[in-house]
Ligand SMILES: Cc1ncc(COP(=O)(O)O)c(C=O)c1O
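In structure tokens, one chain follows: the form predicted on its own.
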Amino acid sequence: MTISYHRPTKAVIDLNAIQQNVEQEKRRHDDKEIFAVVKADGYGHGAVPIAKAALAAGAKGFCTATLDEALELRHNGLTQPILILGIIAAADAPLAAAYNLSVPVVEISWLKEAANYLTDTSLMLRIHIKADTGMGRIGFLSTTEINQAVEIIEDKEYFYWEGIFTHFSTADQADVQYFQAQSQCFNDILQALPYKPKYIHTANSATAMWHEDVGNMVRLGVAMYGLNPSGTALEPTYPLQPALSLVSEIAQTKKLPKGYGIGYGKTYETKEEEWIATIPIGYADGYTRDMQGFHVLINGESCEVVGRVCMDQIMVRLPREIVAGTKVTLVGKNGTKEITLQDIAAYKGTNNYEVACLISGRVPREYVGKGRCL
């Protein structure tokens, strides 16, 4: 997708906020290594700039979801450890090994298949065994299979068992019963291992924020971006600094008569003479169609989004005439008011992660703060 630099819509990313969030987590868990999770293009913030800012703040490595995301970091000069969290094709094992990437293993069959591709004796594949302790996603279900995997890994000189991990599904909830059950399951797995690998990790942002765990590594994800992992269910244990603002400008303002239809389907009709502004952002930018009825901030005032969100534009109702070129805040502070990603998430009935990730590649990212020159 072409980045649209020649319009006023942009996402502004504060790298100081990223660094502050990493530093706070580092102070709270100084006995653990922090791996910055920069999957999905850094949750929509930009993977490479975020990775560099996190590194400057004390992160020791990175997590991605896919092999290509990991390769992007390597191609941009990041030599630190990188753990891919999603399953890669066995045929790509040599590529992962060549770039010194760590991969998850979740089945015995994958190890056997990958062995067929690792014919270059100079390569070694770093492996993290994934245990499914109750998430129902990827991972081994039994201790027996995990120990079998360890035996296979130990038997091959081109495999290196670097870590074991799991993922908690309710760490961001007030009810800790299921979390404790998953934690006990993982502890039982650890007790049955012949020895412990270098990395043991269970802590995502929520686990690190609200729970104690047995690991020596934190996979710092959404909290690094200044977003509460629980939405509003739990209060953060330290102040989070949101890193992303989404801004634009009024493209046109006009006074429309009473009864005038706005947008596709005429889903809004002016109730009287109304000043309507058009803003150059739409669902192709990640500002989705269900945002009709929400609001933006202009001159410190809330202005309702009226009519259906178009692919490239939205219309908002103004309290009075406001000239074209005036700043519009869709996420962030404007005057004394603020719109957060969580506010949008609540309106849409989703979580703040999704809202950040929805901001499309058409929207330029502008980086501010001391980390921008890294």
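All values derive from a computational prediction rather than experimental measurement. The first residue of the sequence shown is number 1, and the count goes up from there.
There is another form of this protein, the form predicted together with the ligand, and it is not shown here; the text below is about that form.
**Student:** Can you pick the one in 37, 314, 341, 59 that has a heavy atom within 4.5 Å of the ligand in the predicted bound form?
**Tutor:** Comparing distances to the ligand in the predicted bound form, the residue within 4.5 Å is 37.
**Student:** Which residue, 240, 129, 303, 85, is the contact with the ligand in the predicted bound form, using a 4.5 Å heavy atom cutoff?
**Tutor:** Spelling it out, the residue with a heavy atom inside the cut-off is 85.
**Student:** With the cut-off set at 4.5 Å between non-hydrogen atoms, does residue 222 touch the ligand in the predicted bound form?
**Tutor:** Looking in the predicted bound form, residue contacts with the ligand include residue 222, since a heavy atom lies within 4.5 Å.
**Student:** With heavy atoms only and a cut-off of 4.5 Å, decide whether residue 112 touches the ligand in the predicted bound form.
**Tutor:** No, no contact at 4.5 Å.
**Student:** Hey, in the predicted bound form, is residue 137 touching the ligand, heavy atoms inside 4.5 Å?
**Tutor:** Yes.
**Student:** My question is simply whether residue 182 lines the interface with the ligand in the predicted bound form - judged by any non-hydrogen atom within 4.5 Å.
**Tutor:** No - in the predicted bound form, heavy atoms of residue 182 and the ligand never come within 4.5 Å of each other.
**Student:** Looking at 322-330, 39-47, 305-313, 22-30, which stretch has residues with any non-hydrogen atom within 4.5 Å of the ligand in the predicted bound form?
**Tutor:** Of the options, only 39-47 has residues within 4.5 Å of the partner.
**Student:** Need the contact residues for 165-180: heavy atom within 4.5 Å of the ligand in the predicted bound form, sequence order, or none if there are none.
**Tutor:** Only 167 sits within 4.5 Å of the partner.
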